[in-house]
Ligand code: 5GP
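Heads up, the chain below is alone and in the form predicted on its own; it's given as structure tokens.
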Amino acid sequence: MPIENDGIMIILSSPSGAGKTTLVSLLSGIENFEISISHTTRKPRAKEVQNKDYYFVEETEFNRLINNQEFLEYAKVFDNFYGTTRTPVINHLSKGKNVLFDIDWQGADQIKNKKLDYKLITFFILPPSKDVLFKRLSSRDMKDKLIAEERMKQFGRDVLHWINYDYVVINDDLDNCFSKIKGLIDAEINNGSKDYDKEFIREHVEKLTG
């Protein structure tokens, strides 16, 4: 059972381009919240910083960590590996820090299946529409419509995993989305009432996949 003074784990997942990384960054500004930094084999994007945004490693190093069973979770996404190492996460939680995870549904499933002795809250972030998502993907630094189209094909598969999350939040406005997530985290921690309408989310998913 979780110890009262332990931190909690908060997972944010989303289809590519829905805004989870920005939301995790905003949440990390709250006192006592720390971002879990993932290892990845992909190359850094513009303005990404080694050991801050990710631990950028070669595939041989990533495989070494897999073989040593050092990952809480790892997955291959768009031809690159991403993973979360166990030790830093457990260190933060045992010191009462809340740990934020910016990971996809595969990683979220693996962490849930580990059944760690810490409270876990999971969020799935959705765009307001497919048109908005495509615009967001097309305006990334890659400026590559083909990559955006590949991400859109993956979107139809990724969105189906919304049902496995505690909460689904629509990122139609960044500030509103952040406030909604923060309110749900506060309610979970303090056993307060939760402003959440699952049927509304179900209808939104049907529009996105219809």
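For every residue, the number given is its place in the sequence shown, counted from 1. As the structure is a prediction and not an experimental result, all values here were calculated from the model.
Keep in mind that the form predicted in complex with ligand 5GP is not shown, yet the notes after this line are about it.
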query	finding
In the model of the complex, Lys52 touching ligand 5GP (heavy atom, 4.5 Å)	no
Ligand 5GP contact in the model of the complex: Lys180, any heavy atom under 4.5 Å	no
is_contact(Arg157, ligand 5GP) in the model of the complex, heavy atom dist at most 4.5 Å	no
Contact flag, Thr84 vs ligand 5GP in the model of the complex, heavy atom cut 4.5 Å	yes
Residues Ser38, Arg42 and Asp102 all lining ligand 5GP in the model of the complex, heavy atom within 4.5 Å	yes
